[in-house]
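Below sits a lone chain in structure tokens, taken as the form predicted alone.
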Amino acid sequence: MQKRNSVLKVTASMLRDYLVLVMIALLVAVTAIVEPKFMSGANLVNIMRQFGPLIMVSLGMTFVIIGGFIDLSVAGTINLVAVVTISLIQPLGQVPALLVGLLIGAVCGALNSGVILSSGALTQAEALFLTFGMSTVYSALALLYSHGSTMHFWDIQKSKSIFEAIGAGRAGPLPLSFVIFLVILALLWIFQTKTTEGRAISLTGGNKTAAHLSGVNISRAIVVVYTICGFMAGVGAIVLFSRITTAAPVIGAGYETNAILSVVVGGTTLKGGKGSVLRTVMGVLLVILMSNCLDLLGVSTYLQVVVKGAILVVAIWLDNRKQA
């Protein structure tokens, strides 16, 4: 009897730890049976292309949440980076435009950390409202810069081959954007697990007072996580408008909630201190697969939003129960 209870406890623990993988497997199995097109090569490539923008933003959000904060400004950052970058291809060329876009993303993240530190807002709730305000600022700047208009690739006379390759190119059988994701994931995983700064972020999110007494520079950790998040939002913006070949000052709408959903569903706790970029990949995969499956099954877009909201609520509820 005791052995049976022990086996049941181990099984329950494994299901809890790998619930996302179980959900992904069930989702794939059910959809493949109901809609055979799901397993076609064209659809799998489409899933990998959809993966690009959200995973970039979510990887950056992972560090912010592990650090005990949150960032709602990523949508505004995406808006600003997208319209500025695509507008600079014609006058500057594609490489300078690309570098400027990434720089803008990093600067937006650094500005967020500056506002948070200067205001003394060291709680997640305070950071939530401050970054929401910053998102409004960045989105307004995008609207002012673009005059509220949508910009298109076909209006650009100069070469845009780099962006076309990011959006539709391949490296062997894989989309180029997916290869870029794999490289960035490897770099961020090494940073998180193998560097002092990466471990300092986890300590900061777990207990700021204890981290400070241990010699961790809390202010530097906050600057690092928000700068990474802003930079990754910039990468996500470039991958996004390269795929859809247009950039609008509202292109990033909804990415902040989808990124938080992916990070939390992946297993990173909202309380901070615990999480992994690898687990975030599983969360993003579940969100992308869910959207793709529901699209193939003809489910209403509005109902899909309801489903995502319900999953986020359940994920946070399970996270709190596990912490308790």
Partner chain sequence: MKTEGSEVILSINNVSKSFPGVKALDEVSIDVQRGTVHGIVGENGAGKSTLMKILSGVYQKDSGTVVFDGKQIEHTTPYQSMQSGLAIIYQELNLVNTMSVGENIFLGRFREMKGMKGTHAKARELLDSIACKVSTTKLVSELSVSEKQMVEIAKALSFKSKLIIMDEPSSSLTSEEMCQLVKIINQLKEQGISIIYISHKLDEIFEFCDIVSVMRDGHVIDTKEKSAFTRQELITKMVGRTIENEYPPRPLCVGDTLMEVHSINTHKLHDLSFTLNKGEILGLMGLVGAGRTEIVRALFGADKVRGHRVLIEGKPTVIRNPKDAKDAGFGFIPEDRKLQGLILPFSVESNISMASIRKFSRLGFLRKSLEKDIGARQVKALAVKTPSTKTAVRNLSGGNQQKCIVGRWMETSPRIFIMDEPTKGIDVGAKYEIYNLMKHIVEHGGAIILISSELPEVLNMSNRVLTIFEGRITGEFDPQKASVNEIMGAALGIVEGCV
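Source: prediction; values computed, not measured. Residue numbers count along the first chain shown, from 1.
There is another form of this protein, the form predicted together with the partner chain, and it is not shown here; the text below is about that form.
Proximity of L213 to the partner chain in the model of the complex: non-hydrogen atoms within 4.5 Å are present.
Although the partner is absent from this view, K274 contacts the partner chain in the model of the complex, with a non-hydrogen atom inside 4.5 angstroms. For R199, a non-hydrogen atom is located within 4.5 Å of the partner chain in the model of the complex, even though that partner is not displayed. Although the partner is absent here, N217 lies within 4.5 Å of the partner chain in the model of the complex, judged by heavy atoms. With the partner omitted here, the residue from A171, A165, L128, I190 that has a non-hydrogen atom within 4.5 angstroms of the partner chain in the model of the complex is I190. Among S119, S161, T195, Q90, the residue placing a heavy atom within 4.5 Å of the partner chain in the model of the complex is T195. Of the candidate stretches 235-243, 200-208, 248-256, 149-157, only 200-208 has residues with heavy atoms within 4.5 Å of the partner chain in the model of the complex. Annotation for 252-269: no interface residues with the partner chain in the model of the complex [heavy atom within 4.5 Å].
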